[in-house]
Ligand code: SAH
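Shown below, as structure tokens, is a lone chain in the form predicted alone; questions about how it binds or moves come after it.
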């Protein structure tokens, strides 16, 4: 598949209004694409035929192609997408809560989903524990390639356009390394005439690019921030995450303290627990001291093993003891259940596939 045309999903509604005449047609197109999941301008019945023709000649709507779909026993679904240049990226639909019914058969609540989206092909950061990094960095994804992951997954699963979902930019790549395109995707997802996914439901996860954290904060997009910390001292963090040489823990904490957070929200700190590496109580004590004065939530994450890794998954007892210590010291802390392990869809397991 070759993209020679412009990609419609790269544009915000306002940008489309500037290039399509009359401008109100942009909202109609937007609703066909984001509400009805239409992928052909000739199916947009309320557009004049000459406009349909000119749009079809100028734009391609969706720049991705679904190659494979893998379903986990826990309800997670991993998608492998092919890009126009032949490279591939993965994204995951996470079922956070199943649909439930009342005793009388009426619907109690709908499913709750989180979508883990990729922002790059590969990754520059090179974390020692992450499978994505093993293939190196290839290129940034465009805004349309980020947006299309969600659009196509919602369409494939018949998830209504108005059904709210959560987005985490935690797939392949470092989102802040591709800040401009990720910010554009955030704006597109947030548009009330489209998916209307509030920035409060969108979380940007970063390995700690301090300068880019400050830049994201100045954009004031209203998104949540998650820091992949994984160690409480620079010596260990540099071994696990080489990027710490450029952006040490102190610089990350300083940037976080300046980041604008909704009064009801917290900065999330992701802490990957690796057996006998960073899972003892001495690390927990240092973490409490490190996060002092920050409105923080700590997510403890099991290391997810893969074939080439030297690291091991921690014991449940270590996870619980670590969590209980943080909570006793006043830190909000959860243990994140690993989803999609059986299909290599959990944190740190996504990668480009060779076709």
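Just so we're clear, the structure is a prediction, and the values are computed from it rather than from any experiment. Positions refer to the first chain, counted from 1.
This protein has a second form, the form predicted in complex with S-adenosyl-L-homocysteine, left out of what is shown; the following refers to that one.
The unique member of 302, 325, 30, 59 whose heavy atoms fall within 4.5 Å of S-adenosyl-L-homocysteine in the model of the complex: Checked against the cut-off, the match is 302.
Contact residue in the model of the complex, chosen from 206, 278, 244, 149 - any heavy atom within 4.5 Å of S-adenosyl-L-homocysteine: It is 206 that has a heavy atom within 4.5 Å of the partner.
Residue contact check: residue 171 to S-adenosyl-L-homocysteine in the model of the complex, 4.5 Å heavy atom: Yes, contact at 4.5 Å.
Exercise: residue 270 in contact with S-adenosyl-L-homocysteine in the model of the complex, heavy atom 4.5 Å: Looking in the model of the complex, residue contacts with S-adenosyl-L-homocysteine include residue 270, since a heavy atom lies within 4.5 Å.
Residue 202: touches S-adenosyl-L-homocysteine in the model of the complex, heavy atom cutoff 4.5 angstroms: Judged by the heavy-atom cut-off of 4.5 Å, residue 202 is well away from S-adenosyl-L-homocysteine in the model of the complex.
Touches S-adenosyl-L-homocysteine in the model of the complex: residue 79 (any heavy atom, 4.5 Å): Contact with S-adenosyl-L-homocysteine, no.
Option from 216 to 224, 83 to 91, 158 to 166, 171 to 179 whose residues, in the model of the complex, bring a heavy atom within 4.5 Å of S-adenosyl-L-homocysteine: Only one stretch qualifies here: 171 to 179.
Any residue of 226 to 242 that, in the model of the complex, places a heavy atom within 4.5 Å of S-adenosyl-L-homocysteine: Contacts from 226 to 242: 228, 230.
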